[in-house]
Ligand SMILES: Nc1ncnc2c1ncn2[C@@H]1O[C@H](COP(=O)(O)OP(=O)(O)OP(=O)(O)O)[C@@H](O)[C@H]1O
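Given next, in structure tokens, is a single chain: the form predicted on its own.
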Amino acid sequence: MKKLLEFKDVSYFYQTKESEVKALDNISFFIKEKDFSSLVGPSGCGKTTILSLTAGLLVPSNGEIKLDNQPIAQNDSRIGYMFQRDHLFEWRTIWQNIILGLEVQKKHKDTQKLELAENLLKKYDLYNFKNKKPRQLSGGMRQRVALIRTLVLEPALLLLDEPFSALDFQTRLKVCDDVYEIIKSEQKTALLVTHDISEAISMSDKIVILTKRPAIVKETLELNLSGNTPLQKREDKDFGKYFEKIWRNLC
């Protein structure tokens, strides 16, 4: 598989009232097309900053970031962003939430895009809820709606910023399986930020481990676990070895 996302010697500084703070220090890594990758590191090390740089919301102080060998643009339309909360509008129906991004991009009359939206709702068991309001759905269903809303825009890369953190543990396990299945089924490339080591291991083909701020890449792990779902991968005999290795790197 070819490289889809590549960071080359990326540093980032931000200003406080007192001084300039270095958040990232010559970060280099790449993600292959159709891979599911994760960023892990100590709290405050700059994981979300990396996502913001990837999305074009921030500009690196040094270095370069390329998507499909092209520079990242401000608010790059090739990138979809899934946040910690689903950000569904309670006064809009599920269908109206799904096509919100299309409305923003003036594509809500594009029959091909609308057909894609309908097909995704049917494929992932949400079509019968298209006229419901978000409050009528479970937390897991809401996250599926949020993901489909992003997929309708057909991004090349999905950025997932702690998307399961607001869910209870049992729901979180189920939604991890659901989101993983959808991303793999749609053959999308994804980059996940999470504080949950087990979550990162169970969902990822690759894990990039960061140090405390200013962050550098301490290690990159390629994972090969048996199982078709994150829940099944947690039962692999090597799962504990990966967990211990990452834990020691973060200590």
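When you see a residue number, it is the position in the sequence shown, counting from 1. What we label the rigid core is the largest C-alpha set whose atoms superpose within 1.5 Å from one form to the other. For clarity, every value in this text was computed on a predicted model and none was experimentally measured.
Missing here is the form predicted in complex with the ligand; even so, the following discussion is about that form.
Engineer: Could you spot which one of S226, S61, T48, S28 gets a heavy atom to within 4.5 Å of the ligand in the model of the complex?
Structural biologist: By the 4.5 Å criterion, the partner-contacting residue is T48.
Engineer: Which of D86, E162, D177, D76 has a heavy atom within 4.5 Å of the ligand in the model of the complex?
Structural biologist: If I apply the 4.5 Å criterion carefully, the residue I get is E162.
Engineer: Under a 4.5 Å heavy atom criterion, is A23 part of the interface with the ligand in the model of the complex?
Structural biologist: Heavy-atom contact with the ligand at 4.5 Å: present for A23.
Engineer: Counting only non-hydrogen atoms and a 4.5 angstroms cut-off, does Y14 reach the ligand in the model of the complex?
Structural biologist: Contact with the ligand, yes.
Engineer: Are any of the heavy atoms in K206 no more than 4.5 Å from a heavy atom of the ligand in the model of the complex?
Structural biologist: No, K206 stays farther than 4.5 Å from the ligand in the model of the complex.
Engineer: Applying a 4.5 Å heavy atom distance criterion, does R213 contact the ligand in the model of the complex?
Structural biologist: Looking in the model of the complex, residue contacts with the ligand include R213, since a heavy atom lies within 4.5 Å.
Engineer: To test your reading of this chain, name the stretch in 36-44, 198-206, 61-69, 184-192 whose heavy atoms come within 4.5 Å of the ligand in the model of the complex.
Structural biologist: Selected range: 36-44.
Engineer: Any chance the CA of L231 moves 2 angstroms or more between the shown form and the other one, core superposed?
Structural biologist: After core superposition, the displacement of the L231 C-alpha between the shown form and the other one stays below 2 Å, so no.
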